[in-house]
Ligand code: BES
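Next up is one chain by itself, shown in structure tokens, the form predicted alone.
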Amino acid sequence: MQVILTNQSLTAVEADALYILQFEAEGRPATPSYDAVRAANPEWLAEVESSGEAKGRLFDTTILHRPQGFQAKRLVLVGAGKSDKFDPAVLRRLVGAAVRKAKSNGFAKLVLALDDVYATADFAAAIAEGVHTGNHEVDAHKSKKDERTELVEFKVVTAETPAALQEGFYRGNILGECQNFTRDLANEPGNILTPAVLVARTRAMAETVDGLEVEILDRDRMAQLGMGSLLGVAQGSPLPPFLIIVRYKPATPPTSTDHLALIGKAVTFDTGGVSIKPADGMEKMKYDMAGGAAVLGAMLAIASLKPAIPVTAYVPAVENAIGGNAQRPGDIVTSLSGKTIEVLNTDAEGRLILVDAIEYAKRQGATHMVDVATLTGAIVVALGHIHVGLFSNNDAFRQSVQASAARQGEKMWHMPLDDEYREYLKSPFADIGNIGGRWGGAITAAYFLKEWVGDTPWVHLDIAGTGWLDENKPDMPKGPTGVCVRTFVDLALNWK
């Protein structure tokens, strides 16, 4: 598929469908593309406006076949909603939805008009991202693919293509492709994507771009270091665990000593262990490595976009299985830091692998850390499938992450982390228990991680409710979302 930014004439461009943004009437901005439609096809536009067929409501589409004055075979008004709420995140979803609808309608070549008022780097990036994420499919393992037209070309037509616009468009192409890389990883079943296969795919990923170094810690090395918390989770599976480390170093030495660590949970399949999960829905536990996948996708984009700050990813990769040697409730493990943990529930395993990765990242010189994990069902109860749960020990760093998320249209909600929650994690037999009971489960899970963070500025992102779609959306199919990839890359590119 070609994704092209061009300044050729809107009326002369050839395509199966030409998309024109239509806003709701109240506050509708004057845009040259919409005016061009009115000038060439006044009766049709007046009719669909007056009849209410085309109101500009978000995701609505109205099609004119063989429009007058245009070379495109079809002209499609795409509802963009209220103009005062229109931003790059909305445009990204609109483009994704348009791509998905076009493929089902048999359109292979598409054109979108980008008017001057929206011809900015961020809007251009959003379009390119939307094309890629909307074009993504989840049927890789079907012997017979779903019937749809393959998208051949998507053109964005604007009056001018200055360098800033081209830069944004390039960035959006990279982010869209890397988000899809993340989604492909998260969609792989546990029998195909084992920890060892994730290692292999990480190495293969790093070979596609300059600037990444990969280091792998195997079971023996982690045992030598004392990562008893991580290894305890892995001991029930015959599949060996790994700590995947991916390093990006800018070509020009940075002016500060800041070093960003991205830490992603990668449980390639989670049965819950001895504290086994219910059978209903367990098949989705292949995406319990969505945090690790997001970190790897972000590193691929970072290596392409070259931020000024060094970034290192840490991805603890294990399978949480049931076997004769599986960890038991009541077991006590010793983490890399020396802190002991009473394992009260083997299904609270993500935090157990993350704390050893967090401690190791600190020892490796991380000055700021973000971890991302499908950590708790409790965050889904609290926030549903709309917001990522965000926890932090540092307001300034939290605000930086939230600013990046806001720019990228990824919704995150700041959750509490008061010291009183530590009481829930008390254990009479070890330094800390790995669960805190029924109440505030997402908060106690985050507080558990905080025990290993110390004073290092840190943000924890719980994506259990946002890393997977249970049903098709206009812009994305059911399956993994790739959430947080864009936020991580934005954070690195805009580091201050």
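Quick note: we count residues from 1 along the sequence shown, nothing fancier. Every value quoted in this text rests on a predicted model; they were computed, and no experiment measured them.
The same protein also exists as the form predicted together with the ligand; that form is not shown, yet it is the one meant from here on.
**Q** Does any part of residue 249 reach within 4.5 Å of the ligand in the predicted bound form? Heavy atoms only, please.
**A** Because no heavy atom of residue 249 falls inside 4.5 Å of the ligand in the predicted bound form, the answer is no.
**Q** Would you check, heavy atoms only and a 4.5 Å threshold, whether residue 265 touches the ligand in the predicted bound form?
**A** Taking the distances in the predicted bound form, the answer for residue 265 is yes, it comes within 4.5 Å of the ligand.
**Q** My question is simply whether residue 314 lines the interface with the ligand in the predicted bound form - judged by any non-hydrogen atom within 4.5 Å.
**A** No, residue 314 sits far enough from the ligand in the predicted bound form that none of its heavy atoms falls within 4.5 Å.
**Q** Spell out, yes or no, whether the shortest heavy atom distance between residue 287 and the ligand in the predicted bound form is within 4.5 Å.
**A** It does: once the ligand is placed as it appears in the predicted bound form, residue 287 has a heavy atom within 4.5 Å of it.
**Q** Would you kindly say which of 45, 435, 58, 64 lies with a heavy atom within 4.5 Å of the ligand in the predicted bound form?
**A** Exactly one residue meets the criterion: 435.
**Q** Going by heavy atom distances of 4.5 angstroms or less, which of 399, 345, 71, 105 would be at the interface with the ligand in the predicted bound form?
**A** Checking each option against the ligand in the predicted bound form, the one that comes within 4.5 Å is 345.
**Q** Out of 373-381, 93-101, 73-81, 229-237, where are the residues with a heavy atom within 4.5 Å of the ligand in the predicted bound form?
**A** Within 4.5 Å of the partner lies stretch 373-381.
**Q** Output the sequence-ordered list of residues from 249-279 with at least one heavy atom within 4.5 Å of the ligand in the predicted bound form.
**A** Stretch hits, in order: 265, 270, 277.
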